[in-house]
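Before any questions on how it binds or moves, here is one chain, the form predicted alone, in structure tokens.
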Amino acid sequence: MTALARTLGRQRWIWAYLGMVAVWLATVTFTGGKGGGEIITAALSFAAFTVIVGIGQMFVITTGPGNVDLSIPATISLSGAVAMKLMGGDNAMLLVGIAASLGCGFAVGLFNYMLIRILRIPPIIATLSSSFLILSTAISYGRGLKIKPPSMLADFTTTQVFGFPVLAFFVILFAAIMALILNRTVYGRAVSAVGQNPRAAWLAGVDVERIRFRTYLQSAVLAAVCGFLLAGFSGGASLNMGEEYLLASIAVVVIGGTSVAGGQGNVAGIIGAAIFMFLLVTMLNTFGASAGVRLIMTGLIIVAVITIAGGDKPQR
């Protein structure tokens, strides 16, 4: 038992789940045991969207220092606006909306990589700059957009079975598949190799630039999928619906055990970190904390979890 505890303690992702349980217990204790199940259900529903974009961000960050996708919020807004406008609330247009959403993600990912590769702009600047162009496009296309999602999409994103959100089930299944891709496939190992040492990976036969292109494309497509699903869950698209996912997509990656120095990704921790962050805000709301106090306490608790989990180990 002690050996198992030591083994789990060395897994950085375990701290996200311990924090999740601690925050939930604190909330339930404060409310006298009321609403514990409903809080978990809500956490699973809202965390599903963070997990989707977090996985895309995780692959990008794993490719090495400086790699990050800051265009995620704008991509979410653009995808939601385009898909909702094309579908017009009609179930028969659902496939068209899905195709349009994926097309938005592909275009954004390609554009981001062109800025990085062809113009040699640092990723953080390239994706931040592209986000302004993407959001401007979304604003011009979706200004005043008030279209409800098709009923099939709304049902898929909000239906629960025995209190468990259907969407959360599919997102967990997707996360399991992405974990296998990261740890068991040539592509996943190449991502880690590039993050550890790009030159060594290149000398070993890894097409470094192709791997980077795929990660940025993947991140943008997942952000677009998140926008499509989020619009269905929220009852329609809005131009600011992606705002909270900029810092959230990075925070869940770091809290979930992925190394910001690159070369070490972790999918399992993203799920726990996403639920932890939602429960943290819920706890502070339950305690009656003001908006300013909530922001300060959220930041302090996140820093504490990251510190307890341990920083990046120096690499040779």
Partner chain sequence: MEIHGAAINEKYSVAVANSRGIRCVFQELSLCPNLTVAENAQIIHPSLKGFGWRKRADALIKAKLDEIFPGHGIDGDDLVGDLSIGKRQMVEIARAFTVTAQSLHLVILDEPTSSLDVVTAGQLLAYIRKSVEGGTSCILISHVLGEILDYADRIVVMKDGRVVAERAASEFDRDSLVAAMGNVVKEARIEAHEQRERERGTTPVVVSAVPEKQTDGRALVAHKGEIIGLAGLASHGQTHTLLQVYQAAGKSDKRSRVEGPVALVAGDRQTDGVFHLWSIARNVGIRSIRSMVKFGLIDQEAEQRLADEWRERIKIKTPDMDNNILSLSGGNQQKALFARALGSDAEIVLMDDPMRGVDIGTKLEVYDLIRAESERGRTFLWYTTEMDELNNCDHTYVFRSGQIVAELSRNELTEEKVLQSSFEETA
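What you see is a predicted model; the values in this text were computed from it and never measured. Numbering follows the first chain given and starts at 1.
The following text describes the form predicted in complex with its partner chain, which does not appear among the structures shown.
Three-residue candidate spot T185, R189 and S192; every residue lies within 4.5 angstroms of its partner chain in the predicted bound form by at least one non-hydrogen atom. Taking a 4.5 Å heavy atom cutoff to its partner chain in the predicted bound form, the contact residue among V206, I116, A107, V225 is V206. Proximity to its partner chain in the predicted bound form, taken as heavy atoms within 4.5 Å, picks out 263-271 from the listed stretches 35-43, 263-271, 48-56, 278-286. Within this chain, T157 is remote from the site of its partner chain in the predicted bound form, having no heavy atom within 4.5 Å. Although the partner is absent here, S234 sits far enough away that none of its heavy atoms falls within 4.5 Å of its partner chain in the predicted bound form. Mapping the unseen interface onto this chain, L173 falls outside it, with no heavy atom inside 4.5 Å of its partner chain in the predicted bound form. Contact between A201 and its partner chain in the predicted bound form is found at the 4.5 Å heavy atom cutoff.
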